[in-house]
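Coming up is one lone chain in structure tokens, specifically the form predicted alone.
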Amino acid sequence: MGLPAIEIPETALRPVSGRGLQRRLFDYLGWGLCTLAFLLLGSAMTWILVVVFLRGINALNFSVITHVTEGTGGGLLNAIEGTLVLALGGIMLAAPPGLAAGIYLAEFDRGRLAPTIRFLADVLVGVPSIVIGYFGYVTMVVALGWKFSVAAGSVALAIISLPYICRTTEMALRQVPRALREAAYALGASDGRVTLGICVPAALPGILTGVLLALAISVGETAPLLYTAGWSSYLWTGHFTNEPVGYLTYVIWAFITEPFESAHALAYAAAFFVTLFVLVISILTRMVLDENAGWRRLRPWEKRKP
């Protein structure tokens, strides 16, 4: 018994027209430009990581993470502690209003308030961080009398982080299917129940991604902290005001220009720690986005794969 004959459409045997050939050329050109851009970006990123990690690892020793900074030498214990305190403080201040604003924009987008909030968030993203630092210096360091402190630095970082959390929360909630909301309303659920019980759990990976992105940005900031947190070679004693604090980006900014080998070693080590922190946060972000990491249990309406 022979195989059935395969009929080839007549259109497949026709030669490619001029318009089709032009479309293919533009397709190849576009993919070629995308590949070239990816290679350039990947090469630059790889080169930066290699330089930072190699020089940072060579500058690392046990005393770097166990001793405080002494002049242009010593260790980075005070800077590591200050970076964690400032970044976590900024996120703790920015997350509640950012999440609330994002939920409002996504779920209660009515009237003139929502476009105004969205516009202000977009404008705040484009404000230079040094301007926010100067604003913090005038209002908190001088006017309120906080001086250089953890409170002033955390508020400045919170202002920078706020629009990222707000907009990513809104975009994550808008990805939740409308059918889920309609089904919940049909069962008699209230607005709060629908938002907090269904929409927020479904959009949780995207929301956490925005929070982690804001945290990574906070770790790498320098300019706003120069005007608000100052610098200290001592460990933080727990006072939120009237006490400056150290942080890693200051070491990179200030010590790399010093004419001492010990200062350069500390700058490379600080760059290594900052890059490591951002890399760890980026990996956590990818883990949060991975549906196989356990987040699918928060969406029981989706069918499980066998």
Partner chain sequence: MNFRRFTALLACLGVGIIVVIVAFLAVYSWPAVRLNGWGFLFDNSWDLGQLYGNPITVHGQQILPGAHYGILFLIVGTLLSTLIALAIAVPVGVGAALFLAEGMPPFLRSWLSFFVELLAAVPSVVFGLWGYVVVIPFLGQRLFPFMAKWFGFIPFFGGSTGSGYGLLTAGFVLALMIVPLIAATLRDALVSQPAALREAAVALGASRFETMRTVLLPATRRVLIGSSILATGRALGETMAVLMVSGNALNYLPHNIYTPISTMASFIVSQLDSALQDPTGMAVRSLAEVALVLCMISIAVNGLARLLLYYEGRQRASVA
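Residue numbers count along the first chain shown, from 1. Model, not experiment: these values are computed from the prediction. Take the two forms, superpose them, and find the largest set of C-alpha atoms that agree within 1.5 Å; that set is the rigid core.
The same protein also exists as the form predicted in complex with its partner chain; that form is not shown, yet it is the one meant from here on.
When its partner chain is considered in the predicted bound form, Y227 lines it closely, a heavy atom lying within 4.5 Å. With a 4.5 Å cutoff on heavy atoms, G126 counts as touching its partner chain in the predicted bound form.
Although the partner is absent from this view, T241 stays clear of its partner chain in the predicted bound form, with no non-hydrogen atom inside 4.5 angstroms. Interface membership of A271, defined by any non-hydrogen atom within 4.5 Å of its partner chain in the predicted bound form, is confirmed.
Contact with its partner chain in the predicted bound form, defined as any heavy atom within 4.5 Å, is confined among 202-210, 176-184, 72-80, 154-162 to 154-162. Exactly one listed residue, out of A172, V150, A101, A87, brings a non-hydrogen atom to within 4.5 Å of its partner chain in the predicted bound form: A101. Taking its partner chain as it sits in the predicted bound form, the stretch 238-261 comes within 4.5 angstroms of it through a non-hydrogen atom at T249, I252, W253, I256, T257.
After superposing the rigid core, the Cα of E261 is displaced by less than 2 Å between this form and the one not shown.
Here N242 does not count as shifted, since its C-alpha moves by less than 2 Å between this form and the one not shown after the core is aligned. Once the cores line up, the CA of T35 ends up 2 angstroms or more apart between this form and the one not shown.
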